[in-house]
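The data below hold one chain only, encoded as C-alpha cells and taken in the form predicted on its own.
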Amino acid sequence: MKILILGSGGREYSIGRAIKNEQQQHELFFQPGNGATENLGTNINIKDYNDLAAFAKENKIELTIVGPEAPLVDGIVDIFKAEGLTIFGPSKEAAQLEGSKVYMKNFLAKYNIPTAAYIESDSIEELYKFTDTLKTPIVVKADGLCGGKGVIIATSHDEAKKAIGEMLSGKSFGDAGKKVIVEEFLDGFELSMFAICDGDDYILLQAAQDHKRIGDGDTGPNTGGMGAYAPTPLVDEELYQKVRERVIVPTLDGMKAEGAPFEGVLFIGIMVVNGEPITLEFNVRFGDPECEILMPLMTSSVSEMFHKAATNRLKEIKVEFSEQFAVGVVMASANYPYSSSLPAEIVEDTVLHEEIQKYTHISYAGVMKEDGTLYASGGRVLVCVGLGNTIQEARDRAYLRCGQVHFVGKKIRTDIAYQAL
C-alpha cells in the first residue's frame, strides 16, 4: 500500500516505523517529515492542501494519515475526501473538539459526559466573578490551539485573574485566547486514553501516562511532554469500562447527532478522582510522546487499523497488543521549552549489547540531516523507547539507550514512569 503521513515529529516517525516493520511491504511518503523519516520513506514538501491532494491522486496514495492537529482543524480531511481519497482523521467540523475548548466543554455538558465545573466567556467581569467562587488552584484555558501550552494552573485568585487578562488581551496566545475557560481544579491522577474511531465503532488502546513538566518531580514549566509509559497499572478493566460507557459511546453518539460523525483518534485526557473518570479535554490526534510508546506495543497491523477506521470498517478487525510495557524518554534541546537552540550534531554509540538492540529503539522528532549527518534542530529532538516485561525493565532499557545518544545541551528527565514505580 502507498501511504502518506502528515507531520514532522516523533509521533509521525513512530507511525511510519510501525508500518515499515510490518510483514507486508508499504511505500511511505512524509509531508514534510524530518531528517530521519527519509530512512523510512520519501519526504515531500507540499504545503498547500489542494496541491497535496493532487499529489496523492497522481501518485495513487491509498491511505493518508494525519499526525498533528492543525491540518485537521484547517479541514484537510474534507479536501481529501472531496477528491475521493482515503484519509484517517476527523472532518473540520468534528476537529472542533480540539480546535475550540469552548466547543468541547459545551459538547461535554450537552451530552452529560463528566467534566469539571466551568465557565466560558470573553467577558473579564464574568470570568473574574466565577474565579472568586472557586478554591485554588484554578485552571485557566485559552479557547484555540496553542500547541499544548494554552492551559495555566493558577495557584492563587490573583494569578488566575492575571492569566485571564493576558489571554483576553491577546498578549498570551493571540487570537487563540480571545475566549477563555475557567474551571475547577480536579485532584486525582491523570491518564491519556486513545480511541481509534470510524464514526460508528471504536477500538480503545492501552492507557498511558505522560510527564508534561520539564523537570524531575514534575517541576518547572509545562512542555509538549518529556516522556510517557504504557500500559499504566493504575487502570483496571472497571475503569476502562467506565470510560467506554460514560465518555466514548456518548461522544460518538453525540457527534453523529451534531451531524459530524467522529473518525480518527479521539484522545481523551482523563482525571481519575476517587475511582471516577472525569474528562479534562479531548484532542483529535495522537498524543506525543504517547504515540511513540503505543505503536511498538501493537502486535496486529497498524496500517490495517488506520485503513479500516478511515473506511468505516473497524468492525472487521481485531486489534492485538503485546503483553509488554513501553517507556519513552524524551531527549530535548538545551533551551527547551524556553527558546530555540542552535543545531547540534547527534552522535550515537554503536549498539553492541543484544538486549538494547532487541528491546529499544529511537523515534526521531526535531532532527535535520545535512551531508548525511543528523543534527538536533531544536525542541524535542528524539524519544528513546524501551520495552520490557515490567515497567522497571522497560524504563531501565530506555535509559540505557539514552546513555548512547549524545549532542551538545541534551536535556532529559531521569524519573519517567515514577508514578507507577
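If you're wondering where the values come from, they're calculated on a predicted model, not measured in any experiment. The numbering used is simple: start at 1 and walk along the sequence shown.
Omitted from view is the form predicted in complex with ligand AMP, to which the following refers.
This chain appears without its partner; in the predicted complex, the one residue of Glu93, Glu120, Glu281, Glu304 with a heavy atom within 4.5 Å of ligand AMP is Glu281. The partner is absent here, but in the predicted complex a heavy atom of Leu186, alone among Leu186, Met298, Cys146, Val347, sits within 4.5 Å of ligand AMP. None of the heavy atoms of Val272 is located within 4.5 Å of ligand AMP in the predicted complex. Residue contact with ligand AMP in the predicted complex: Leu234 places no heavy atom within 4.5 Å of it.
Interface membership of Lys212, defined by any non-hydrogen atom within 4.5 Å of ligand AMP in the predicted complex, is confirmed.
Of the heavy atoms in Ala109, none are within 4.5 Å of ligand AMP in the predicted complex. In short, of 136 to 144, 248 to 256, 70 to 78, 195 to 203 it is 136 to 144 that has heavy atoms within 4.5 Å of ligand AMP in the predicted complex.
Shown here without ligand AMP, the chain has Lys101, Ala116 in 99 to 124 lying with a heavy atom within 4.5 Å of that partner in the predicted complex.
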